[in-house]
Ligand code: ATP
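Take a look at this one chain, the form predicted on its own, written out in structure tokens.
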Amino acid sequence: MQQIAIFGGTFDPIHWGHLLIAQTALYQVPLEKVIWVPSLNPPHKKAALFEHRWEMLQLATRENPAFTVSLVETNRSGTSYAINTLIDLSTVYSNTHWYWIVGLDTFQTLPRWYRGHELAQMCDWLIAPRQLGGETIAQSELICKQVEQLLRKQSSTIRWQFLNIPLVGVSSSLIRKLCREHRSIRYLVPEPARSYITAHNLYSDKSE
């Protein structure tokens, strides 16, 4: 049975922190593949066009044969739910043990996801710690155990582990801010993605 992880997100834009998380998961588990799933219409967020975010993902991950960018979210109309993503990918990748890569903040909200109590049991969860130096492992574990308890009340069990990554203080919001201020984002994003952002004038006042 192969082991594959789903890494979903807005990726607006993808940066070195995302790649470090995916690479860590690849070797820590270990995984055969990481499937990157950019969200089509992220709720509660105004993001760059899907085509731009997808293309930057393609450019940033193309040198790693274990990374695949999926268009699965474009195959559905209406709201995109995580459980549907996993079900759809399961029809393509049979005989698979699934993992889901997620940040600690997002993992905290899992009990409130659409059919989250079902999804919790359909895969193992690989959790990227918060990118804050003040957060201790003990505090992070406490948060995860609270999620476990909430799911248990919904008659669900969950398997999770932390990804052993160095804390990198880079975020997509920081990159967008630097772009608006016409400051350099070199070394924060892969060079092909940086070139794409520049070519398409993304995240500036006159962005496409």
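All values reported here derive from a predicted model rather than from experimental measurement. Just count from 1 along the sequence shown to find any residue number.
Same protein, other form: the form predicted together with the named molecule, not shown, and the subject of what follows.
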| property | result |
| --- | --- |
| All of F7, P129 and S172 within 4.5 Å of the named molecule in the predicted complex, heavy atom check | yes |
| Option from 173-181, 62-70, 139-147, 152-160 whose residues, in the predicted complex, bring a heavy atom within 4.5 Å of the named molecule | 173-181 |
| The named molecule contact in the predicted complex: A120, any heavy atom under 4.5 Å | no |
| In the predicted complex, V168 touching the named molecule (heavy atom, 4.5 Å) | yes |
| Distance check, I185 to the named molecule in the predicted complex, heavy atom within 4.5 Å | no |
| T74 within 4.5 Å of the named molecule in the predicted complex, heavy atoms | no |
| In the predicted complex: members of 73-109 within 4.5 Å of the named molecule, any heavy atom | V102, G103, D105, T106 |
